[in-house]
Ligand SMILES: Cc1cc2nc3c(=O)[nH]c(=O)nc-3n(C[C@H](O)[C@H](O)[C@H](O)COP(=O)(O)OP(=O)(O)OC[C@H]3O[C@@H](n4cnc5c(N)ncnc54)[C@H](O)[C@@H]3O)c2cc1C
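Shown below, as structure tokens, is a lone chain in the form predicted alone; questions about how it binds or moves come after it.
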């Protein structure tokens, strides 16, 4: 069989590796428009739970990736200048370029044909292969050439964000919320090397307008965040890498396959960064599609049906959680009067996946401090 994968991100590379490793006689080719050493972004964060899911594809490959990762066991939420520590969660982070390089090495070792610097024509139809895997991201050219067939729906969300780096290693995955003259600004930051961290800057729609950010240049917006988050940044400048301010593009597809074309990763459904699962979901899609072909062999239609049937319920559950998280962030102004511990508690329960009972089990130290805080507030 001939497999052509468009998109050399984590989803496309992991699928190509898994398919070629289990079927050395298959032709598996990855086509990526960017050079092999190009990456737009900084670090990728994964929970321990996410890594355990990804091991379902190849545990040795994931162990190899883990050796290049930073790790920590807490989440920090900073509100009104108070740092709330949430115990019980283990996180890992890796430089995005390092992740891609390791996956490229795995593909090369397995015999995958990797082709970089080649842009696919938007009208491509999969005529030169048995299976065309669209792993080319939110702005997928493959998907957008068949929007009716995939029942594609696109919506721009309200908040604005930009991805930066900073030369400062944070102790944990940290969310810092700042208020200035009634405006609300948020920073998501975590280290991905011993010296470097990702810093995702975000503002709600109202603050985007009232701060004047809507008419600023990207450099002026960066300087504003450097000023407001000076303490959190340790006085260090934010580092840009194609760091443009934009609204998140939410993509949904009513159908996941058409003819011999199948969607995975962000091409299939964009994952909002507020639940920190974009890379995990994309790579899990790869595992699910690979398993479908393991079960159905060369029957492409049957494999596609199995992939969507078995993967859609999981995706739908996490998509609903992401949409609740999006709603929380887009309504941040309603939360700002909460005390730091009430704010953190509300944040942790925002998706509906976490419950108070599970927090008691997973984060007992946080819940002890939370209950004490609630009692103090009630006494006042």
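Numbering follows the first chain given and starts at 1. Quick caveat, the model's predicted, so the values are computed rather than measured.
Just so you know, the form predicted together with the ligand exists too; it's not on screen, but the next bit is about it.
- None of 163, 304, 160, 91 but one reaches within 4.5 angstroms of the ligand in the predicted complex through a heavy atom, and that residue is 163.
- When you look in the predicted complex, the only residue of 77, 213, 288, 120 with a non-hydrogen atom within 4.5 Å of the ligand is 120.
- Interface membership of residue 273, defined by any non-hydrogen atom within 4.5 Å of the ligand in the predicted complex, is confirmed.
- Interface membership of residue 176, defined by any non-hydrogen atom within 4.5 Å of the ligand in the predicted complex, is ruled out.
- Among heavy atoms of residue 31, some come within 4.5 Å of the ligand in the predicted complex.
- The ligand in the predicted complex is approached by residue 279, whose closest heavy atom lies within 4.5 angstroms of it.
- The stretch in contact with the ligand in the predicted complex, judged by heavy atoms within 4.5 Å, is 36 to 44, chosen from 61 to 69, 321 to 329, 337 to 345, 36 to 44.
- Contacts between stretch 70 to 108 and the ligand, counted in the predicted complex as any heavy atom lying within 4.5 Å, involve 96 alone.
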